[in-house]
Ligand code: UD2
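Here's a solo chain for you in structure tokens, the form predicted alone.
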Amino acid sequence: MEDQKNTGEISRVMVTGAAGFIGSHTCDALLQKGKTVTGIDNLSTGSLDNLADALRHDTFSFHQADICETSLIAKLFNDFQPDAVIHLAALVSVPIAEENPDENDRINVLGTKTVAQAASTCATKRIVFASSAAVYGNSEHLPLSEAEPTNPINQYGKAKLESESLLLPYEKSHAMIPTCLRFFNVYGPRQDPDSPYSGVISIFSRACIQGEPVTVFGDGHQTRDFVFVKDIAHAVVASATNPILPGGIYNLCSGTGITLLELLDALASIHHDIPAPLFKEKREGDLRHSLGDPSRAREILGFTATTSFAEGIRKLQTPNQ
């Protein structure tokens, strides 16, 4: 292990939020690449069921822990000595963040600081952070590039932006390369439709499976940039394990805007005879349009959202995959 620390090889990876939707797919992708992985999750929203495949690997271990438990996190990092850390643990519900801004700051800012400090004491080489398109706010300059000014309109987006600002100086001060990945609308298997953290696709899909009408807030013409979770996981893994990739900020998006009405059409092509949707007033704070520019991630990280929207919707119908 000491020899690996003196080379560019990334073989040991710590993943926070490992039992969550994106975290579990990320652990699977790391293990498929032959990495030794330790996962951390407090299981407040994650589930060990998501890690069923990972737990079968001798090179995977799991610890139930809160990222804000400073001494415990420091011990876990010291024991494992990761070459890289992927920080996915977060409070990701915008409504809950608005209702409880102190908890949002505790988890999404102080938690990031705790993880980064623990990593730096172990001479960890790379830290990959799950940021969000929420940092852009209601910009009308679409598609959004990383050069677009940030103007988050909610507590969740503000915390993500603060964490980016906290991490980026680590390259100079701690020789640890930080990569901040701004996720757009991630969807796919293992996303819990019953959770307040869930995305619109899993909620709509569950309603269709149960033969219930979906509820659309607004006219349905609002657009989102949907990207399949396994595409996201591969980009996250590459950012953490490729020692020659530069750090910085990258959009992870498809570059294609899909309306909610188009989403309903895609689901109707699979679930026939679904009830007509229910339309309600637009919710305050919801974005009208969201669309990212994937050019920088494509050119530097080699990332392309290869899963088409139609294919991703079909894959969503097999939630255990």
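When you see a residue number, it is the position in the sequence shown, counting from 1. Because the structure is predicted, anything quoted here is derived from the model rather than measured.
What follows is about the form predicted together with the ligand, which we do not show.
A heavy atom within 4.5 Å of the ligand in the predicted bound form is found for one listed residue only; from A123, L245, L168, I203, this is I203. Only one of the listed residues (V92, V227, A235, A159) places a non-hydrogen atom within 4.5 angstroms of the ligand in the predicted bound form, and that residue is V92. In summary, the region of this chain contacting the ligand in the predicted bound form, judged by heavy atoms within 4.5 Å and restricted to 100-108, 125-133, 75-83, 170-178, corresponds to 125-133. The ligand is not drawn, but in the predicted bound form it has no heavy atom within 4.5 Å of H272. The shortest heavy atom separation between P189 and the ligand in the predicted bound form exceeds 4.5 Å. Remark: L287 counts among the residues lining the ligand in the predicted bound form, judged by a heavy atom distance of 4.5 Å or less. Using a 4.5 angstroms threshold between heavy atoms, R56 stays clear of the ligand in the predicted bound form. If you take 204-221 and check each residue for a heavy atom within 4.5 Å of the ligand in the predicted bound form, you get F204, T215, V216, F217, in sequence order.
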